[in-house]
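Just the one chain here, the form predicted on its own, laid out as C-alpha cells.
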Amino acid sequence: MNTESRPTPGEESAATPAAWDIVLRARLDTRPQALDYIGALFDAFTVLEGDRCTGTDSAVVGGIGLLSGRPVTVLGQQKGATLDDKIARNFGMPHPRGFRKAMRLMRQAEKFRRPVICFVDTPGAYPGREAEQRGQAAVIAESLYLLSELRTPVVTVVIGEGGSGGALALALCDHLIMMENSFFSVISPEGCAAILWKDAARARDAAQSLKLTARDLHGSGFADEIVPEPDPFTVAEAEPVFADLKKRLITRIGALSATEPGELVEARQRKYMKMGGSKA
C-alpha cells in the first residue's frame, strides 16, 4: 500500500476525494466490516450475547478478544454481507437491546479492568416503532453517560458509516480513530438535503457542508487519528491496513492503560466538554 503521496490530515489537495465520494466509498459492501477487523486484529475472540433484558441484537457484535496477548472487550456494528445476512443484522442499525448489550459488556470490562475497543459502522440507530417503544433515544443517552464515566480505556475506530446517535453511542472515547474513507455525521447527506432544500438529490451539496470526512473531523479535533487505506479498499487488500491499525491500537491501549482511572475519566470528559468552543 503506497501512502507516500497522500496529503496529511487537514491539508488540501486536488487529489483529495469530495465529501460525497467518501460517503459512497464508506457505504460500499466490499469494504471490510467489523467481523473482518475482529478476525484479523485479535488472536482470539469469544462472542458474548444478550442484554439480560429483552434479547440479543445481531447488529451489534460483542465479546472478549486478545490484542497481542492483552484481554480486551470488543464491540462492533455489523451490517452484513449477503442480503440474508443484512436482513438478519438489520443492515447494521441497532435496536435498544443492541446498545444495552454493549453497555453490559462495557460494565463488565470496567469490573475486570479490560480496555474497550469499538468498531463503528452504522447508518444510525434503528428508528422503527418497536425501537422507539423500547426507549431508543433514552438508551443512547444512557450509553453516552456510561462512557463518560467508564473507568477503563476506550478506543473507537470508525470503519465505514458513522451515522448520528447510533454511532455516537459507541464513540464517546479516549481516542477516536477514523479510516481514511469513513465519515461521521449527525445526519445522512440525503436527510440533510431533504430538510434544508426539500430535495434529497442535493445530497452531494449537503455532504460538503456537513464536514463529515475523516480529514474534516481530524481538523476540528473530533477525530484523533486517520488510518490510510488503499483504493479500492476490500478484504483482499486489507492485510497491510489491518497490520497498521493493530500496531496503532497496541500503542494507544498500552498508553491509556498506564493512566490512573480517575485521570482517564477526567481527561475524557475535558476532551468532549471543550468541543465546539472557541480556539482563540
Partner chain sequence: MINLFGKKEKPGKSPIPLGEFKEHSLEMVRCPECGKSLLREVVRRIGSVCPFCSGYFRMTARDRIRQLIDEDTFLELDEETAARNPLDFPDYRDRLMRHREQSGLPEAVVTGVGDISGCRTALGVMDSHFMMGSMGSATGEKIVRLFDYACEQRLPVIMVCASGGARMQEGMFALSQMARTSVAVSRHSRQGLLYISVLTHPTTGGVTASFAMQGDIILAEPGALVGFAGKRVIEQTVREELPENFQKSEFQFDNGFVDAIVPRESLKAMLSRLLRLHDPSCAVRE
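Residue numbers count along the first chain shown, from 1. If you're wondering where the values come from, they're calculated on a predicted model, not measured in any experiment.
Quick note: we don't show the form predicted in complex with its partner chain, though the next part is all about it.
Heavy atoms of residue 125 reach within 4.5 Å of its partner chain in the predicted bound form, making it an interface residue. Residue 214 falls outside the set of residues with a heavy atom inside 4.5 Å of its partner chain in the predicted bound form.
Though the partner is left out of this view, residue 91 does not reach within 4.5 Å of its partner chain in the predicted bound form, counting heavy atoms only. Residue 148 belongs to the set of residues with a heavy atom inside 4.5 Å of its partner chain in the predicted bound form. 134 is the sole member of 86, 113, 134, 104 with a non-hydrogen atom within 4.5 Å of its partner chain in the predicted bound form. Residues of 140-173 placing a heavy atom within 4.5 Å of its partner chain in the predicted bound form, in sequence order: 140, 141, 144, 145, 148, 149, 164, 165, 168, 172.
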